[in-house]
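Only one chain is included here, represented as structure tokens and corresponding to the form predicted alone.
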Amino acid sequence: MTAKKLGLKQRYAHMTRGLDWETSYQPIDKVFPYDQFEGIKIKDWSAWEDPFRLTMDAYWKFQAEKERKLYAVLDAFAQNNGQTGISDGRYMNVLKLFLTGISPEEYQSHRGFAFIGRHLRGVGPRVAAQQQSLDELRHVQTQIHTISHYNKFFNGMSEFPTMHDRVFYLSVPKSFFDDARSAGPFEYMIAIGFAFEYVLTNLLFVPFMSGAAYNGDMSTVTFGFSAQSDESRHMTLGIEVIKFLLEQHPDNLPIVQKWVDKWFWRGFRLLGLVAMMMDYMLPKPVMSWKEAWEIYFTEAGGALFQDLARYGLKMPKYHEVATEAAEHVGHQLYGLLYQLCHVAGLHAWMPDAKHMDWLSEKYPNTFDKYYRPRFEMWAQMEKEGKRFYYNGLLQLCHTCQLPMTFTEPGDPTTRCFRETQFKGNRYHFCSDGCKDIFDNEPEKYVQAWLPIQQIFQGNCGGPTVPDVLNWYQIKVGVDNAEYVGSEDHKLWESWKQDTAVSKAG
């Protein structure tokens, strides 16, 4: 008699929960040593609903099909010289920021979820984390492959792994993931699975992908679409984990709330780099950072936390401060990049009159009053042949590692400056949110690797700017400084001339 074919539900159960086993010659706590020290109480691991609903063989099949289509589009883009179809050569600096700041964190996320897939004792989360780990590895591979085409023509991308580990502003995303990966497994799930992948992910990927589409970069759009179905599953896992923890025991609520507060603020500071990109670096801007924040956090995030209120979870601490700061953060950070691009791995430029008018329209309460005069002053200096570069070393916030450039809530004319003392040493912070995070775990954050402090300590190649840039592997006059007149700019202008001649003739 032929064996009855298993139904999808039975097959799924066998291929996921059926993979679990009882330990026989080692105590279970010795096999899973890391899922108790954080204080989270789990009564029933089987209550974890597998949000992916995928067996591994189905996973391989879906991903292989996506890979086949993705690489066909990328090959066609390269063969048709798609790099000449982007909106402007300045757009490449968006991809340089993405490749050096975001792609390496996909790999960090891969390693983090691989750890979770090993060290949570419930089989449901183990399978889900394993699949997300593979997703993240695939994302970093496809991003590097896509952007590698541009590396044949434009500067500043060839040494991206070294830059990620050394260049000062890239310590912002790096320290975020170092912090998450050195936390316990449940905190990692809240940090990356919930705060980053669920609450804040649309503020990262939607602006980059819509910006790429609007600026003619179809290769980046393609890998974005290919990753989007994975991101949807990751969001599902993020919401599942927080509900699971809150339903398991009432004692979990204060621990989870503290993690949500912490990782919301860390994510908000990290996404300041995206705010700068959206407001200033896209030659054809899509929407302002303020508009994106209203759609993806104020509206979508507000609805999410309304739903989670039934568990007693509140909106993240300082969310009102973050919403008020959405008026300012893009201007303040791009102002810094403009002054510091001679020590960065990408170019910056003065926004033209049309772009400044767009900023006035998007930020009617703040841009003309606080930021336009600053840019007009720098524009006048450029006109007089005195392009301004800041030549000092910046003080960094000890938590988020961004320069201390942000202003007081409600007062954009006064710099926000907080400090605390720990074991006789003084530490500085850009905000109350960053100070709170340090004060809760000072033993962890005093070990942070801050790039400016490392220069002072003689660990970055030498005491001079050329020494440090050489250690960063930034080619002076090629990868850095003003865009106008750079090799990238000259190449782009030559392509434009060729196109004009071709059309004329």
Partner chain sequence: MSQLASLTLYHNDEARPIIEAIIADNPGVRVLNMPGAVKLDCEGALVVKRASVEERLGREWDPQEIHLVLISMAGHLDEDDDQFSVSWKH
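Positions refer to the first chain, counted from 1. For the two forms, the rigid core is made up of the largest set of C-alpha atoms that agree within 1.5 Å on superposition. Keep in mind the model is a prediction, meaning the values are calculated, not measured.
Another form, the form predicted together with its partner chain, is not on view; read the next lines as being about it.
Interface residue among S360, T420, Q130, N202, judged by heavy atoms within 4.5 Å of its partner chain in the predicted complex: N202. The contact residue chosen from V123, V73, L313, A213 relative to its partner chain in the predicted complex is A213, the criterion being a non-hydrogen atom within 4.5 angstroms. In the predicted complex, its partner chain sits within 4.5 Å of a heavy atom belonging to L8.
Under a 4.5 angstroms non-hydrogen atom cutoff, its partner chain in the predicted complex lacks G85 among its neighbouring residues. By the criterion of a heavy atom within 4.5 Å, V140 is excluded from the residues contacting its partner chain in the predicted complex.
For E65, a non-hydrogen atom is located within 4.5 Å of its partner chain in the predicted complex, even though that partner is not displayed. Every residue of the trio A58, S226 and E231 has some heavy atom no more than 4.5 Å from its partner chain in the predicted complex.
Look at 283-291, 420-428, 177-185, 351-359: in the predicted complex, residues with non-hydrogen atoms within 4.5 angstroms of its partner chain sit in 283-291. Residues G302, A303, L304, Q306, D307, R310 are the ones in 302-317 with at least one heavy atom within 4.5 Å of its partner chain in the predicted complex, listed in sequence order. Q10 is among the residues whose C-alpha shifts by 2 Å or more between this form and the one not shown once the rigid core is aligned.
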